[in-house]
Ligand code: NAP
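In the form predicted alone, a lone chain appears below as structure tokens.
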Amino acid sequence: MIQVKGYAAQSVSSVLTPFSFQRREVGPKDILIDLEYCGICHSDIHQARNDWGESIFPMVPGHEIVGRVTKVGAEVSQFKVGDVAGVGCFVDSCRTCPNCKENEEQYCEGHRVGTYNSVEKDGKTPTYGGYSNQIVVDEDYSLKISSKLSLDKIAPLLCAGITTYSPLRHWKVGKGDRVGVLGLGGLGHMAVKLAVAMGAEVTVLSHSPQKEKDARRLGANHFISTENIEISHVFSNHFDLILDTVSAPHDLNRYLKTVKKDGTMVLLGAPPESTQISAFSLILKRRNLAGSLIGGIKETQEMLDFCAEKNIGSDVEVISAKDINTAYERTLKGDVRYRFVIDCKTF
């Protein structure tokens, strides 16, 4: 077994503290990655605090992972020692269900193995994530990372990037499409960058008027402060697609009215409480309300290649491991522009 250092939550009420644990030895298809950076996703906080239920403790969060390959198994063909590799939100799946066969492992109908807060396919071995200094991953669930971008800016692409890229591709966003981005945080700022790069006309909808300067810096064509206006009057039947990245409770009906006939509003954020939808918000314009998760391995690699081509990275604040708990509190307050990234060399 490989001895690893990291940070873990020992219970739902505890802060994250140093934690030593073991990874499996490198198998024939595995690669060992010495981690360099790991992003802090809002879902890390939700799971460490059991907001969604079924949390497994001790928990080592982290699924926005980049580092360098230091050992490869005998049958590995896609990576060699010294390569830069990434790991996203899952590290295995059943591989046999229709979704896995269609390269959409994120919707695996069998057993999708999360990078953390999950169990391996043996049904008992817990998985530990990227708040650590090393990880062992099957090469088929690892990503190839370009050297064109700084690795700290690449790390959040493994979750925030693919979470916003996947629906933009699924709904075939292109030149001239009107895209609304609801919320300008970790997800929202990536949605803006990606939609702009695809040629869309992008409008940021935010309750924080002070974010207008950032929205325009990121490439948004328009910015609307939703705090004191009736948004459905300003943008009635306007958007082809809205990406809703907000994780706090909010009125979906208010924004559905801004979607044009046959347009779609996609939920990416996950508020802790359910919301009520008026049937007429959908019926009157044949609007669609949808959800989207992340992407499969193939699509995630496509996203990484697209970002390398377009020079797109996340806006990050790099922190030491000892500052993780402070970063959690600041994230909850919205005090980050726009993703905390842990320097894994500090574990």
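Not measured: the values here are computed from a predicted model. Quick note: we count residues from 1 along the sequence shown, nothing fancier.
Only in words, not in the display: the form predicted together with the ligand, which the text now covers.
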Legend entry - Contact check for Ala85, Leu143 and Thr300 against the ligand in the predicted bound form, heavy atom at 4.5 Å: no
Inset, instruction - Scan Ala248, Val81, Ala74, Ile229 and let me know which has any heavy atom within 4.5 Å of the ligand in the predicted bound form. - result: Ala248
Legend entry - in the predicted bound form, the one of Asn133, Thr203, Ser206, Asn117 near the ligand [non-hydrogen atom within 4.5 angstroms]: Ser206
Inset, instruction - Mind telling me which stretch in 279 to 287, 35 to 43, 316 to 324, 301 to 309 gets its heavy atoms within 4.5 Å of the ligand in the predicted bound form? - result: 35 to 43
Inset, instruction - Report yes if any heavy atom of Leu268 sits within 4.5 Å of a heavy atom of the ligand in the predicted bound form; otherwise report no. - result: yes
Inset, instruction - Answer for Thr331 alone: is it within 4.5 Å of the ligand in the predicted bound form, judged on heavy atom distances? - result: yes
Inset, instruction - Although the ligand is absent from this view, report whether Val69 comes within 4.5 Å of it in the predicted bound form, heavy atoms only. - result: no
Inset, instruction - Spell out, yes or no, whether the shortest heavy atom distance between Ser292 and the ligand in the predicted bound form is within 4.5 Å. - result: yes
Legend entry - Within 4.5 Å of the ligand in the predicted bound form: residues from 150 to 171 (heavy atom criterion): Cys159, Thr163
